[in-house]
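Only one chain is shown below, in structure tokens, and it's the form predicted alone.
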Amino acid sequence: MQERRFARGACIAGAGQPVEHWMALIDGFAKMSVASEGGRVSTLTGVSAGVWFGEGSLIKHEARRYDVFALRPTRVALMPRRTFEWLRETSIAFNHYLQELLNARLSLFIGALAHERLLDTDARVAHCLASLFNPELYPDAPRQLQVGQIEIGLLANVSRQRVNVALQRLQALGLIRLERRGLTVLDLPGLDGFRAAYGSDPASRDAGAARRA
């Protein structure tokens, strides 16, 4: 195993590069993103401490399809391909873990695509925050999240100003508490359910706010 450190804004792994390691964040925060030839960037998901990523490219022996950037100082663990392949060949438990991880990530991306197309901005921000506490991907994630509005905007593909409006609304509903450095999730089921309860119809959102008040 190896360990590397990356400063905020540094590229941890680049699209098109050969993949020779399985990676995990020891601490810090990163984002997976893709970019068009014209320079348009779309963020796929966030990556927090304790999460492994890049197994799909290793299994398929293909170049990485996305960039990974550190959103704050980050430490990364790297498992060499030969160790990854040895574990796949010799450990049933390891293969079960990979299967569960791939299934959880697939569900995350399908959900993100649906919410991007169907939900309004407040609900997209709520979904973005809830996804960072996915119990299958982040089983030990603390409820206090040290992430800024710019970082949330990058993850939700929303401007920082609009993120601020959404966060104020989520705080007013008692779902989160904004703090000097980041935020604390007070009601994770409520935050996750915000998509269905208040995500599409303004009248239903107002009614939901009145019930919580």
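Start at 1 and count along the sequence shown; that's the residue number. Fair warning: this is a prediction, and the values are worked out from it, not measured in the lab.
Only in words, not in the display: the form predicted in complex with the DNA, which the text now covers.
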message = Can you work out which of Ser57, Thr43, Gln149, Ser48 has a heavy atom no more than 4.5 Å from the DNA in the predicted complex?
response = Gln149
query = Are all three of Asn157, Gln161 and Glu179 close to the DNA in the predicted complex, meaning a heavy atom of each within 4.5 Å?
reply = yes
note = Here the chain appears without its partner; judged in the predicted complex, the stretch of 161 to 169, 184 to 192, 25 to 33, 61 to 69 with heavy atoms within 4.5 Å of the DNA is 161 to 169
query = Hey, in the predicted complex, is Ser107 touching the DNA, heavy atoms inside 4.5 Å?
reply = no
ask   = Is Thr121 a contact residue for the DNA in the predicted complex, using a 4.5 Å heavy atom cut-off?
value = yes
